[in-house]
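There is one chain below, alone, in structure tokens, taken in the form predicted on its own.
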């Protein structure tokens, strides 16, 4: 372990991406270099995981004053919540370089840039630094979708860009409001995310700032009704880009709610928690029903991803340790299941030249290894016991029931919709009569198979033996809930008469 470990993880891919972008290198060289850099980040992430002690506070802290007069600093650190999102990013990104070898040099360079920006947003402990990395994340996606996307890439690129910029402007206004409030309270300027937790904000202005943050994060997650950019962007983007959007970027939206909104707006967050929780439930149901109607498997997975992000959001807004712990667990489960399914979708599209479910069939007999790995990821995404998806969903439903019985019931019922469309799609593609498009489909190569093996094992290990992972998450989630609880219980009860008594006991 060495100093500035987080900085190295962040800026190694950014610097390497810039070099690849401007150096006169070929596609193969860029791909190999990108894989090497992403592998180095993965190795460093194992060092972070091994050295993480789960104290509930920020660890691996780096602090360098940036603009001292305004209290802006280059401030990094991770806790039990950010640790697992960081690990998911580091573990999954090398897969992209292994599986997709036909892209241009610029595409691989942008993948490295977006990896560094995502890690920066995850590790940032300063609001301005978080905002900078949040904005930088959009640029590589803009180019990967706009330059390398499908036939309707331009409208999809415009839509995601407008949505994201609108959300970012609202976030900027809200974070300035937080800094001004902190200056009013203490007489000094600071943008430290941790110090924002000292504020006790309430009233109309605080509610407006809260919704500024929430709209920005809801767009990224995405939550109903801010999801309309998702189907087009996920469908038109190259599969590797869709994978990045679904597996990592959407989770950073949830992470932003936990890290920034919950501590800074505990009273207003508790006041509107029930409203936000219902938005998560509506997202689950609406996107799940939309997925059933799709004939394009990639578009179906896009709606499926949005639906599963709904249950992750419900876990955040349920405001108890079980639900929040389940949310962090489910973030990793979703990244390693639905995220990987997008990679499988990319392989299907490259080898069959179609995304239509009706054009495929009989793949299980032609590609048994591919079918097995697809089945594991698919069953994890629907929460089969013994997979990572079950643990996270179980904890979220348990916490949702403690928060509000109806939220818990609707969340559980919404999961049934996901089981229906995923099993229907799997049956059609893998077990029905073979079609012309799938006649020449080849199974995973040895290298491709070996690349997926660690992810498949992680899905099963997290489902069978969750304790080592939960042990690192729970201290941080308990601290976040303890910070929100004292000022939030009264407000929550006022909004939700159905709130169970045991939640109030737990919070106190």
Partner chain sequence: MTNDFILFFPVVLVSLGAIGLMLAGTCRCFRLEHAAWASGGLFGLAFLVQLSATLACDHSLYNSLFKDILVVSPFSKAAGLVILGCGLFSVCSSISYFKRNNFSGVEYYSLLLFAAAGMLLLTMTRELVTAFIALEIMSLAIYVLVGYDRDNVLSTEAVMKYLVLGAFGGAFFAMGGAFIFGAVGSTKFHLIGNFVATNGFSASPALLAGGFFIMVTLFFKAAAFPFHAWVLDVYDGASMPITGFMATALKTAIFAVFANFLLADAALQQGWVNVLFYIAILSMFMGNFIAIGQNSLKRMLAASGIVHSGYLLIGLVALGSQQQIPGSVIAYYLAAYAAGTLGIFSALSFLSGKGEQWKNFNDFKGLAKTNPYTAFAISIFLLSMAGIPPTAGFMGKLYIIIAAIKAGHVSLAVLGIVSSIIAMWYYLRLIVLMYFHEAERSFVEEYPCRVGMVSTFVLVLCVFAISLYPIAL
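Positions refer to the first chain, counted from 1. All values reported here derive from a predicted model rather than from experimental measurement.
Below, we refer to the form predicted in complex with the partner chain, which is not included among the displayed structures.
Stretch-level contact check against the partner chain in the predicted bound form with heavy atoms at 4.5 Å: of 155-163, 256-264, 296-304, 415-423, the positive one is 155-163. Comment: the partner chain is not present in this chain, but in the predicted bound form one of 146, 368, 386, 362 has a heavy atom within 4.5 Å of it, namely 146. Out of the listed residues 63, 66, 52, 441, 66 is the one that sits within 4.5 Å of the partner chain in the predicted bound form by at least one heavy atom. The three residues 131, 139 and 176 all sit with a heavy atom within 4.5 Å of the partner chain in the predicted bound form.
In the predicted bound form, the partner chain stays beyond 4.5 Å of every heavy atom belonging to residue 275. At the 4.5 Å threshold, heavy atoms of residue 169 reach the partner chain in the predicted bound form. Shown alone here, residue 317 lies farther than 4.5 Å from the partner chain in the predicted bound form, counting heavy atoms only.
Among residues of the shown chain, residue 351 is not one whose heavy atoms approach the partner chain to within 4.5 Å in the predicted bound form.
Contacts between 5-24 and the partner chain, taken as any heavy atom within 4.5 Å in the predicted bound form, involve only 22.
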